[in-house]
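Only one chain is shown below, in structure tokens, and it's the form predicted alone.
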């Protein structure tokens, strides 16, 4: 394993911001090796990717003979945000995933993402690992832009995630890492899983299996070990339904996350602790898979409680 600093900058407090990359490559060098880049930590309060990357680097370190391509790992893009457990880039209060592709002469966050783009550029595949925020829990899912789905969907099916959400482009996506890299020719997948500021061990292990499966299929690792990839639900064959809170109070879920539910099945209740009353009872607007569920119990009118993927009128 080789560790390289891809960006550094002196901070006002006399410290240095340093963003590093680790690289795994085979003992025998070649000019036509496939290259994959694994990126995480763009948002400082999203830590699920840290654990998944730890599992991956441990596996690669224990199986060096299996490496037959180049594997670049960027675990902490927003190192300052991770240090302070804040989503955005501290001091500037900006979302790093909204300033791509950045520029060499831009402001500090723009310089950082520019350096990342230049270093990742040329990779055949990139995986951008995110968590949800502290309010919601997401099952392992892949979100890909419809504009690039023809090239990225086959790769997404190998990543052992439960759900693939293909969405239409909106303006803000053009400033994200995934849109920038896809536009530059690197097939890039966005993984969302878990909850903010937490680590879900089973999700990390699930994604590890998926990443190894994808790398084996692409010839980036060579091993007799097999890695199963579950068949994901695909948003192209159904619809996503949203359930928002009709009132303010304490949300008490009635179902486990990732449950298969039926139309009109009880999702949970909004309760008032002061008076001991149930303000509202929430029911599923449609049957399907409950792929997003409220994790933080305090809610206000309009707060997102759940997302369900299923066929219409199921």
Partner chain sequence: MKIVEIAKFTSLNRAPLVIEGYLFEGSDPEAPSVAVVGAMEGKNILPLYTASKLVDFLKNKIQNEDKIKGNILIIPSINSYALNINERFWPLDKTDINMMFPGYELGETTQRIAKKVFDAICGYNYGIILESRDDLSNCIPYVKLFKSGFEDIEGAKTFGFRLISHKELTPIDTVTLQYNWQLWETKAYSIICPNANQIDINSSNEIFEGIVQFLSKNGLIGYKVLNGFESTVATQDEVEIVKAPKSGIFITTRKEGTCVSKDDVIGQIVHSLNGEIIYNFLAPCNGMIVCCYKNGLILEGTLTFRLIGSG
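Computed from a prediction, not measured in an experiment: that's the story for all the values here. Numbering follows the first chain given and starts at 1.
The discussion below concerns the form predicted in complex with the partner chain, not included here.
Peer 1: Should the three residues 62, 223 and 286 be counted as contacting the partner chain in the model of the complex, with contact defined as a heavy atom within 4.5 Å for each?
Peer 2: Answer is no for this spot.
Peer 1: Find the only residue in 260, 278, 254, 250 having a heavy atom within 4.5 Å of the partner chain in the model of the complex.
Peer 2: Looking at 260, 278, 254, 250 one by one, just 250 meets the 4.5 Å heavy-atom criterion.
Peer 1: Between the options 106, 154, 219, 122, which residue brings a heavy atom to within 4.5 Å of the partner chain in the model of the complex?
Peer 2: When the partner chain is considered in the model of the complex, the option within 4.5 Å is 106.
Peer 1: Classify residue 86 as contacting or not contacting the partner chain in the model of the complex by the rule of any non-hydrogen atom within 4.5 angstroms, answering yes or no.
Peer 2: The answer is no: residue 86 has no heavy atom within 4.5 Å of the partner chain.
Peer 1: Using the partner position in the model of the complex, report whether residue 245 sits within 4.5 Å of the partner chain, counting heavy atoms only.
Peer 2: Yes, residue 245 sits close enough to the partner chain in the model of the complex that at least one of its heavy atoms falls within 4.5 Å.
Peer 1: At 4.5 Å between heavy atoms, is residue 182 in contact with the partner chain in the model of the complex?
Peer 2: So residue 182 does not count as contacting the partner chain.
Peer 1: Considering non-hydrogen atoms and a 4.5 Å limit, does the partner chain approach residue 18 in the model of the complex?
Peer 2: No, residue 18 sits far enough from the partner chain in the model of the complex that none of its heavy atoms falls within 4.5 Å.
Peer 1: 186-194, 142-150, 227-235, 173-181: which one contacts the partner chain in the model of the complex at 4.5 Å, heavy atom to heavy atom?
Peer 2: It is the stretch 173-181.
Peer 1: What residues, if any, in 130-164 have a non-hydrogen atom within 4.5 angstroms of the partner chain in the model of the complex?
Peer 2: Going through 130-164 in order - heavy atoms within 4.5 Å of the partner chain in the model of the complex - there is one hit, 135.
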